[in-house]
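First, one chain by itself in structure tokens, the form predicted alone.
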Amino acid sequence: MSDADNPATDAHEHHHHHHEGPGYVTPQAAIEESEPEEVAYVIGLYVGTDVDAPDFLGVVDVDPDSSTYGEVIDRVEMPNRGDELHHFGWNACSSSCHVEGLERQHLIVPGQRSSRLHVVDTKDRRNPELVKVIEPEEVFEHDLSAPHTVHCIPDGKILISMLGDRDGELPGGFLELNDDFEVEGRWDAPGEIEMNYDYWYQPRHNVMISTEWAAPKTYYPGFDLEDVEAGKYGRKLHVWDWENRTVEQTIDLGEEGMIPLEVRFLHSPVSTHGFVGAALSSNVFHFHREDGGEWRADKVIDVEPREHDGWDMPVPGLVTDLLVSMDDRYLFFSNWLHGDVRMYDVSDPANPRLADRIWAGGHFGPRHPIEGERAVHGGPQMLQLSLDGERLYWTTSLYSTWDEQFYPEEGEEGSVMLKADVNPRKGTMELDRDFLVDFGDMPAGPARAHEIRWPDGDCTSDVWL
């Protein structure tokens, strides 16, 4: 492994110190200079429930010194029903820290089912405001639909992975917005890939890696094992030339890499190492660039399926989300069906070591992980870690139709948001028994809760040049 690829080479060693825009100069600066998070932005949705109300962006008070700690203190309702808000992201991050005048102020909040794009101004952090809506027809003009991952990219532009064409079939692609939140056009040439899902880029190495779910019309109705057998779900990584926007290599992960979802590079911009979780196969792959320039991916974590009285087959863990701590030392991932969150030491990324885990909900965790509090039905799902690596939060909803299949109580009673206190020095986690956000207690009725973001940047969105 070359020095440039060595993940142990700390991010603060890179020499980009010109800082006039949003974010932090280095990952180490994010750890040292950030303040503890006081509010979290969390997606709440009513799609697939009996509640006739629009989805919303919730503001959760996560300041333990606040009188409203653990409560949803504000909600930004969207103007339409049925969007299925899902993943969302910032207009700017540390990749734009050299751009004078740009601020990390606006959230881009797509509707996964509607293909509608919402722009929310968070200048007032506790009272954000919807300021713009891009209607689906404008997205369909570029033969794209079903927006998923939103990343800010250098110079203030925004890139969104799109999972289908205008009809919800394959292929997917990428949509680009400019810094005025106008659709700039299609980022990629049509036909570079078939399936799409998540992506992450590492500009210093001129590379982007994207993953695969399925065509929207395949996963919208719910999960069907026959679709897997018919080859309608993905198992490949696509390695892109970031500047030329072309796929240079495709890695087939095989049967052990079925449905590769979230992909994360290490935060250090000198590193070419990263991880991707294969949801259905319930494995984690480590990928990196070899000395010859080719990329490879190897399975490094295998979550064994477990027998369950209510299932005809062993229950897979279903690795639905993962993230890397800002210091690149720990990998966290969720097993949505099993009901546990795992913490691995990835100081040697090719040989992760299980450090700790917490059980809460799911099919094998406690239904009441916090005594005296409401039941937790879904398993741990979307994760978010504080920039200093000491507080891990998660929600329990995956996708409305999939929730209905595996955890029907989620739609009836709503999701929860939980938290663990993390000790990075000892490599341990402990469930915070004073923190449970009850999305079943919303004014319009029980809501599902999905992705989480911080105003000052995230372990799942910030990229460095």
Partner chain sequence: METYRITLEWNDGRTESIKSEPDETVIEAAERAGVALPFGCLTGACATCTARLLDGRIEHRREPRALKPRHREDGYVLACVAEPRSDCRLRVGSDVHGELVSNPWR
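All values reported here derive from a predicted model rather than from experimental measurement. Positions refer to the first chain, counted from 1.
The discussion below concerns the form predicted in complex with the partner chain, not included here.
Enquirer: Sort through 429-437, 58-66, 24-32, 41-49 and report the only stretch with a non-hydrogen atom within 4.5 Å of the partner chain in the predicted bound form.
Expert: Of the options given, it is 41-49.
Enquirer: Find the only residue in 354, 225, 375, 189 having a heavy atom within 4.5 Å of the partner chain in the predicted bound form.
Expert: When the partner chain is considered in the predicted bound form, the option within 4.5 Å is 225.
Enquirer: Give me the residue from 316, 89, 274, 269 that has a heavy atom within 4.5 Å of the partner chain in the predicted bound form.
Expert: Residue within 4.5 Å of the partner: 316.
Enquirer: Since only the chain is shown here, I'm wondering whether residue 371 would be in contact with the partner chain in the predicted bound form (any heavy atom pair within 4.5 Å).
Expert: The answer is no: residue 371 has no heavy atom within 4.5 Å of the partner chain.
Enquirer: Quick check on residue 113: any heavy atom within 4.5 Å of the partner chain in the predicted bound form?
Expert: Judged by the heavy-atom cut-off of 4.5 Å, residue 113 is in contact with the partner chain in the predicted bound form.
Enquirer: Using a 4.5 Å heavy atom cut-off, state whether residue 310 contacts the partner chain in the predicted bound form.
Expert: Yes, contact at 4.5 Å.
Enquirer: Does the partner chain get within 4.5 angstroms of any non-hydrogen atom of residue 220 in the predicted bound form?
Expert: Yes, residue 220 is a contact residue.
Enquirer: For the stretch 385-403, return the residues whose heavy atoms include at least one within 4.5 Å of the partner chain in the predicted bound form, in the order they occur.
Expert: Only 401 sits within 4.5 Å of the partner.
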